[in-house]
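First comes one chain, alone, set out as structure tokens in the form predicted on its own.
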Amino acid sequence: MSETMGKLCGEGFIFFSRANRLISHELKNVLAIISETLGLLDELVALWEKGRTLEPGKLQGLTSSILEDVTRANGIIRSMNRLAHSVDEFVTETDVAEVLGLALELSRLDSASKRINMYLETAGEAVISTCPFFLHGLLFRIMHYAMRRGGPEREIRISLETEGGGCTISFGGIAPVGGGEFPTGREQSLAEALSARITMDVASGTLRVVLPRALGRSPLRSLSTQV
């Protein structure tokens, strides 16, 4: 395996590990809330056994809370499964809006997301031939950066536009910073593997990712024939 492919696979492991940490941490939080709610139910039952009257509204509120948390946990697990399936076919026809939506869901599990509003403002239809797993990784790293560079409005506006068979993903609302800080070599290597281009307009606070209709001369093409 070439040095380039080794680095790309290493980036893939780093991304998958970070995503799993966020997912497992969030699931642990949900289980802790459910456990706490069940503890309150136990206390109510204990009081009932001592002759206290149980209030139906109180019980209903607690059970509804548990059901909401179970639904939330199921949503997190569905996101985890969708990410796992992104390597079913290494290079394939990919719905960019779907990948973007999942990357956004995962990024919202990051604690930094509580300090900024990051949302999908517009999303056109864009289907390209690419590697969905590494596209997830690139968008996740960009969102990680954007959440920590939110401007005065404290919001990051994401848009997806199609053009010439490919598409452009824009992240607006990033605070102006000195040049050279982003993208780093790690993002650039992922972008090159995806035949993509990253630009940063410091004046407008807009970062753009331009994706082609299909991979060009990318090392991912050779790897896709081996998996």
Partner chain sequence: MKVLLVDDEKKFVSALAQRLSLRGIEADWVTDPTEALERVTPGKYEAAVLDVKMPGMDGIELRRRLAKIDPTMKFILVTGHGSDRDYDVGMKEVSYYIIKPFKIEDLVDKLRGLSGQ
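Remember, it's a predicted structure, so these values are computed and weren't measured experimentally. Numbering follows the first chain given and starts at 1.
Keep in mind the form predicted in complex with the partner chain is missing from the figure; the text below concerns it.
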Handout entry: 4.5 angstroms heavy atom contact with the partner chain in the predicted bound form for Arg52
Key = yes
Exercise for the section: Mark Val202 yes when one of its heavy atoms lies within 4.5 Å of a heavy atom of the partner chain in the predicted bound form, and no otherwise. Expected result: no
Practice task
Give a yes/no on whether Lys58 approaches the partner chain to within 4.5 Å in the predicted bound form, heavy atoms considered.
Solution key: yes
Exercise for the section: Flag Ser111 as yes or no: does it have a non-hydrogen atom within 4.5 angstroms of any non-hydrogen atom of the partner chain in the predicted bound form? Expected result: yes
Practice task
Counting only non-hydrogen atoms, choose the one of 64 to 72, 189 to 197, 168 to 176, 155 to 163 that falls within 4.5 Å of the partner chain in the predicted bound form.
Solution key: 64 to 72
